[in-house]
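Quick heads-up: it's one chain on its own, the form predicted alone, in structure tokens.
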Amino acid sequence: MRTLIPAIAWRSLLLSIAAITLQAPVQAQTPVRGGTLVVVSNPGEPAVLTAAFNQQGAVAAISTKIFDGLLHFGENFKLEPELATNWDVSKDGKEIRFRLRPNVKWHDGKPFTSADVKFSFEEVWLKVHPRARSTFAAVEAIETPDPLTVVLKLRNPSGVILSALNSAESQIVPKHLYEGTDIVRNPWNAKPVGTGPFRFKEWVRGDRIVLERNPDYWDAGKPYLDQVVYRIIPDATARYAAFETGSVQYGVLSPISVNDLERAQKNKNLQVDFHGYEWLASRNVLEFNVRKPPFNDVRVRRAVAHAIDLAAMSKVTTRGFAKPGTSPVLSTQTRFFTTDLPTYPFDVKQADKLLDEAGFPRKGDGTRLAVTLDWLPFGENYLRYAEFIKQSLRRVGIDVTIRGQDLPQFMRRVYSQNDFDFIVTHIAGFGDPQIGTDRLLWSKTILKDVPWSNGAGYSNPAMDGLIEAAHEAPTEERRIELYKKVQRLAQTDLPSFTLLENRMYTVASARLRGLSKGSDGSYESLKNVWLAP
């Protein structure tokens, strides 16, 4: 396990980040047309190429080049038009009317209309998206009075819907290719047809995914690039070497190891940027299977929380880049975040006491119970988290077996078969707890085969009542008040436990221009991006 870096070294690292940011080179402003951008697919190879129902990071990162959203985020969460040219919220907050962009075509030449939006809402998002039931809980009906108008009729005002209509969160799929099919197993998921700036060209499994310029894109003259090629490079050392040699020029979602980050920041041929992750709001989470022993006992879950020194975990596994977690709502979600919560400070004696009370006394060999920890196969960082947790729990007599597997097997184990004890995984906040947090806590998000839903199987009528009251809150103030109560109950019941709030980064060639500074920039379409000579 990695040793701690000295505090002085850490301060130097922070200062170097600031210095490099301030010393960014003046960039030419005239876009150059043509060229191929080579991107590292991170984390790993995607399972499909539409995020309409699969929210794996690599899926969203690639598919947002193929599919547009109704809206997208500019800087500081400012909503900007994309497939919707404008939107109006009625005075009573119970109707949102979108006007769609005219003359937009799917990549197969069919016209994009309001029928595609209605179909995606009713047949895809509400049925197989991990969060849409919560996000769109206030929607009573969706109307399409003409091909370019969509009207959402709401039971009550909603403070969350407009925040969920970017292409990463709510992708619109073509009705003519999905209607009457098994959405999750539709073959177009692997060769998608979108409206975005790039068209799908080929997918060579284990090697590359190739996108090509959409010559009929609605934003005339864009994109500038001819092709975007996603390379599959599982090894972190090889990924950094690819950036150093220039064989890849772009990667999001922390595409290189934190060990190589300082080298990347000192490399004049590379740029490192921490913007574009505000909407994503990344955190690492320990999630318990509360359906079966030993984690069906809240005392065991609390003991585990007390046994892990989160400050040390941050330093050992992320060189202090990540912030210890305190709530299922991230501290960056300032409207909703509260510190008035049950806490689980590092306390081995308290963990021992709770395990004794739960009926797990130490045996002759010092152990109390044995469990298996599955780690999300999103790179070696998650194995490091698992190893830290294993060592932490050994001190209180919990014998942990770490189990690794590929991503499809991990997903089947957790979300289809529920065949696990506890997992260390990644959860995004998506700007609002109704989108990012409900899915772990609401009984209606216990969804078979749907990744990143309520895999723990947690169900509490009191929690359901709070969440559903928040969905129907008449004012934003009341919704915020209810989500603070949700946090308190979640920290009391502890079906999941936030380990770390992450700080993610993008690595790009210094030749790359036009990258988005929007709050969801890590999932931008790349339509404005070009390569300087």
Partner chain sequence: MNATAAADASVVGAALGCVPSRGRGRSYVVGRVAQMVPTLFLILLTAFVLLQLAPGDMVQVLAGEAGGGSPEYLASLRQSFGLDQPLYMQFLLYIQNVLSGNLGFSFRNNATVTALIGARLGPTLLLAAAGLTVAVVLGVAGGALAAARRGRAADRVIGVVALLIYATPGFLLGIGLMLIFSVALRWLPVGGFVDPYGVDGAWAHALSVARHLVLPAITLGALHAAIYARFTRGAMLEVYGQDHVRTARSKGLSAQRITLRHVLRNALLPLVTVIGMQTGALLGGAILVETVFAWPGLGRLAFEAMQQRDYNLLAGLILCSGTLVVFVNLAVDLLYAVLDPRVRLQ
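Numbering follows the first chain given and starts at 1. In this text the structure is predicted, and so the values were computed from the model without any measurement. For clarity, a rigid core is taken as the largest C-alpha set superposing within 1.5 Å between two forms.
What comes next is about the form predicted in complex with the partner chain, which does not appear here.
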**Q.** Stretch from 281-289, 94-102, 311-319, 236-244 whose residues place a heavy atom within 4.5 Å of the partner chain in the predicted complex
**A.** 236-244
Q) Which residue among 221, 364, 206, 461 has a heavy atom within 4.5 angstroms of the partner chain in the predicted complex? A) 206
Q.
Looking at 396, 173, 411, 305 here, can you tell me which has any non-hydrogen atom within 4.5 angstroms of the partner chain in the predicted complex?
A. 411
(Q) I'd like to check something about residue 56: if you look in the predicted complex, is any of its heavy atoms closer than or equal to 4.5 Å to a heavy atom of the partner chain? (A) yes
**Q.** Exercise: residue 231 in contact with the partner chain in the predicted complex, heavy atom 4.5 Å
**A.** yes
Q) Might residue 370 be said to contact the partner chain in the predicted complex, defining contact as any heavy atom within 4.5 Å? A) no
Q. So, in the predicted complex, is residue 500 in contact with the partner chain at a 4.5 angstroms heavy atom limit?
A. no
Q. Is every one of 47, 227 and 430 within 4.5 Å of the partner chain in the predicted complex, counting heavy atoms?
A. yes
Q | Residues from 162-188 in contact with the partner chain (non-hydrogen atom within 4.5 Å) in the predicted complex | A | 184, 185, 186
Q | Core-superposed C-alpha of residue 91 shifting 2 Å or more between this form and the one not shown | A | no
Q) Would the C-alpha of residue 243 be classed as shifted by 2 Å or more between this form and the one not shown after rigid-core alignment? A) no
